[in-house]
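The data below hold one chain only, encoded as structure tokens and taken in the form predicted on its own.
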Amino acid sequence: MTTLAALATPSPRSACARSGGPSYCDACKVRPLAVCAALEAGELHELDAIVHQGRVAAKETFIHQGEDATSVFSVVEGTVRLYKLLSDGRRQIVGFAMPGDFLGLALHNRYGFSADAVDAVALCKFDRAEFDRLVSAKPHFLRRLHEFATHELVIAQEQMTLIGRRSAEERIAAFLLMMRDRWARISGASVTVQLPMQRLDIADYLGLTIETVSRTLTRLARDRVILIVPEAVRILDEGRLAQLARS
């Protein structure tokens, strides 16, 4: 894997793509979830010819709001924090990207948000012009891209619903169930919900204060609805959590 700097200055094409041997895309663990799942095995060499793999260290930013959207990204490992910087300097987290998610789609050729790594993140980076040419030549790939754009809208709508007329407890319950379902899609069903982001990030995303998030999680733990563990919670009473989320 390359470093963060190499994401800004793309590395050479992978040797496996040039030699005709097994490609990086063939071995990708998240390909069934990613945009490239639309491609047949015989088409993967075309994607592999334009991909640049890299890693981003925790807390490093790799998409800057307002800059030219010259690249698009597919998340392979780790969690990405997506946020907007408001005119008064405040930050509003608008979502969290996870393995299989696609980033960088822009309507006006500029990124509408910033993105940084919550923990160590592995990415596939594509030059946008090269990626657009490949997508334009393959209608089935374009349909898959439209599905991802729709998914982004659904995530935005979920956030609006979370922040709507709900109590802090209801917002946090809904957030935990949402994150459980997203992780289940990646690694299978589990009562343990990974939360690599800080509580401040959760508070920002839900429109709450960090004190309210901490106090609410502690109360849910005291009531035996969840168990707080390092960088995660375990759901002990799914029925109660779901009841709170539906309130």
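Residue indices: 1-based, along the sequence shown. Everything numeric here is computed off the predicted structure, so don't read it as measured data.
Just so you know, the form predicted together with the DNA exists too; it's not on screen, but the next bit is about it.
Only one of 211, 60, 181, 67 lies close to the DNA in the predicted complex, with a heavy atom inside 4.5 Å, and it is 211. Of the residues 134, 168, 177, 145, just one reaches the DNA in the predicted complex with a heavy atom at 4.5 Å or closer; this is 168. A residue is said to contact a partner when one of its heavy atoms sits within 4.5 Å of a partner heavy atom; residue 185 fails this definition for the DNA in the predicted complex, lying far away.
Put simply, residue 191 is far from the DNA in the predicted complex: not one heavy atom of it is within 4.5 Å. Annotated contacts: 104, 114 and 122 are all free of the DNA in the predicted complex [non-hydrogen atom within 4.5 angstroms]. Annotation for 184-208: interface residues with the DNA in the predicted complex are 198, 199, 200, 207, 208 [heavy atom within 4.5 Å].
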